[in-house]
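Shown here is one chain on its own, the form predicted on its own, set out as structure tokens.
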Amino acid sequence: MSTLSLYFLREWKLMFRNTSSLIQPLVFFVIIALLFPFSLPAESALLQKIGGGVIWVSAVLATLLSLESMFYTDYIDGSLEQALIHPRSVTLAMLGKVLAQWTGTGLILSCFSPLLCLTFNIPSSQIWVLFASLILGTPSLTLIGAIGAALTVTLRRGGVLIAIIILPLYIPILIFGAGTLTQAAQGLPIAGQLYALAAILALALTLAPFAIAGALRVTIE
């Protein structure tokens, strides 16, 4: 079995043993998104206008919530240090771990986003646009966020520090992601926004695993 698939399956087994790591980000995502319709005037046009941005910001915050413990448990039980000194590729091991983390958070959040679109009265013709932008954008959020998690792995409460380090890097993803729905609502082409998200994902997929492995070596060793 390859290093990538070995760590991917290992992470999924750990997530199913600790189901709170799957449920908490999803519940947080839904609650944050639902707070806005309750706190704003019940105007359909206003909710449609802000809906895409609110769902994207909720996805960013839910992803951040899931990152704090991403490497910490492995650091405490020593398995992270074993991974760093093992002959297997640390880069592929961390990529497998990050991909499993995304399927347990970003992919699930993306699949629930159409239900939240109904809360904001977003037309059905635009729901797939938001879903596509989240599918392309949330892997980048996890890959980039994992770099911050690796840099703060030795800190017990590193969540705030991760947010300070990572949130500025999330801004382009947030702009292009939320922009797709705005473009679609105005009847403008969305291909440029989706291509930009795909380009960021390709860049993150190429560079982030090396950055994560390097950050872990610097932090732990």
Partner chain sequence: MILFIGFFNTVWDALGRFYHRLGSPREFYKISNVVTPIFGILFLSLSLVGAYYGLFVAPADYQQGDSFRILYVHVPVAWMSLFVYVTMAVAAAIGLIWRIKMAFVVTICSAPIGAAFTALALLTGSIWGKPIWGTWWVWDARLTSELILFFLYLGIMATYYAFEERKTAEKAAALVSVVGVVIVPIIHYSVEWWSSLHQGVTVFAKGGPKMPASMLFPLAMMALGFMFYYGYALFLSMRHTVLKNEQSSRWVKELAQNAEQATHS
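Numbering follows the first chain given and starts at 1. A quick note: this is a predicted structure, and the numbers were derived from the prediction, not measured.
Another form, the form predicted in complex with its partner chain, is not on view; read the next lines as being about it.
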{"query": "Partner contact for Thr219 in the predicted complex: its partner chain, 4.5 angstroms, heavy atom", "finding": "yes"}
{"query": "Close approach of Phe29 to its partner chain in the predicted complex, 4.5 Å, heavy atom", "finding": "no"}
{"query": "Residue contact check: Pro189 to its partner chain in the predicted complex, 4.5 Å heavy atom", "finding": "no"}
{"query": "4.5 angstroms heavy atom contact with its partner chain in the predicted complex for Ala211", "finding": "yes"}
{"query": "Heavy atom within 4.5 Å of its partner chain in the predicted complex - residue from Leu34, Ile50, Val57, Leu155", "finding": "Leu155"}
{"query": "Candidate from Leu151, Ala93, Cys117, Leu99 lying within 4.5 Å of its partner chain in the predicted complex - any heavy atom", "finding": "Leu151"}
{"query": "Output flag, Ile164, Leu169 and Phe176 jointly within 4.5 Å of its partner chain in the predicted complex, heavy atom basis", "finding": "yes"}
{"query": "Stretch in contact in the predicted complex with its partner chain, which is absent here, among 118-126, 85-93, 71-79, 143-151 (heavy atoms within 4.5 Å)", "finding": "143-151"}
